[in-house]
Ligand code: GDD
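Below you'll find only one chain, the form predicted on its own, shown as structure tokens.
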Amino acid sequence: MEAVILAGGLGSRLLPLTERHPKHLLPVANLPFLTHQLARLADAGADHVVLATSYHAGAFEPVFGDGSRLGLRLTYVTEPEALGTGGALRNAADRLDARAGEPVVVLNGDQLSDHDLAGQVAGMRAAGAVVSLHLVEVADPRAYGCVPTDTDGRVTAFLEKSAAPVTHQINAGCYVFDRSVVAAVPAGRVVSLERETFPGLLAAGSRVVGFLSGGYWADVGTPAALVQASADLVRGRVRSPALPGPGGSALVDAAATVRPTAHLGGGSAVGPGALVGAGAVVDGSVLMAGAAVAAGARVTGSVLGPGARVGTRTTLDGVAVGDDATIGVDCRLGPGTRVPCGATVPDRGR
């Protein structure tokens, strides 16, 4: 089985964490996020994956190499300019092997799921469809495009965001394509799968089916979502083949330092070279490589970029701190606060 991962997005919703890094390489449960997707593909039977990259394209190959450590063969393709989801897929298509009759799995590079990928492939074949879409039900679908299906699972429409959605089913960003559909996507221009390719297939009478699952799914596109996904992996709420073993209250890299009186919990992940000082509390948070939380500080539901530093007795709640930023002593930062890379928040009272 071959697959394409669409990993070219700018990650603007994840700023400041993406000022210096592609979102797909940000650590989630102490591993670059794409590691979890690649491991799932290998687990489902994929042997060749094409990474369609753009933003910080040169950062991927030093991390994953030829893919052999994950049991895969990796090929890297760079978009010369942003081409949309369909254009990026078409740009990557020439690097796929010629495997007649075998479908192609396509993943958006910011989705975390534990659905039955092999079952989705088998279901598409059994239905005689040209495309299968992974669908999930969400409580409030107004922020998403909706994908209604009939009683046989056939997709009937692709609907834009609406204040009155007709279904709670949304597109979860994992597709299985017949190769003829990939080949038919126009080359060399911007194409949206969601707005152009899929509606065009329906208009032509092609069979497009949904694969509805009730398992775990997350769009890891904001700092809060990244923190939650990491904690869910650490605690075992969602399984990743790249992260074996039972869940726990925290995941600490062997090269990190946690002082004996510090407290870690809530599925926190502490990366290599990070430091958690005496009496500090880190709950449900992500500390990337070299980040430091000083004595007596409290970090909850937050993410610290590489080299970020949090001062003594400071409290962070729902904060995203960029690379090499410094938060001073006795500060109080609340939900939604984003501290740019290299910035300094002075000690409270200064």
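Definition used throughout: the rigid core is the maximal C-alpha set that superposes within 1.5 Å between two forms. Note that the structure is a prediction, hence the values are computed from the model and not measured. Just count from 1 along the sequence shown to find any residue number.
Note that the form predicted in complex with this ligand isn't included here; everything after this is about it.
Contact with this ligand in the model of the complex, defined as a heavy atom within 4.5 Å, is made by all three of T85, N108 and F158.
Residues of just one listed stretch (249 to 257, 120 to 128, 75 to 83, 232 to 240) have heavy atoms within 4.5 Å of this ligand in the model of the complex: 75 to 83. The closest non-hydrogen atom of R13 lies within 4.5 Å of this ligand in the model of the complex. Interface residue remark: P186 is not counted as part of the site for this ligand in the model of the complex, having no heavy atom within 4.5 Å. Mapping the unseen interface onto this chain, S213 falls outside it, with no heavy atom inside 4.5 Å of this ligand in the model of the complex. Using a 4.5 angstroms limit between non-hydrogen atoms, A3 is distant from this ligand in the model of the complex. Among the residues A297, M288, A52, L41, the one placing a heavy atom within 4.5 Å of this ligand in the model of the complex is A52. Checked against this ligand in the model of the complex, the residues E137, D114, E102, E194 give one hit for a heavy atom within 4.5 Å, which is E194. Residues from 212 to 226 that approach this ligand in the model of the complex with a non-hydrogen atom closer than or equal to 4.5 Å are W217, D219, in the order they occur in the chain.
Once the cores line up, the CA of F177 ends up less than 2 angstroms apart between the shown form and the other one. For G145, a C-alpha deviation of 2 angstroms or more is recorded between the shown form and the other one after rigid-core alignment.
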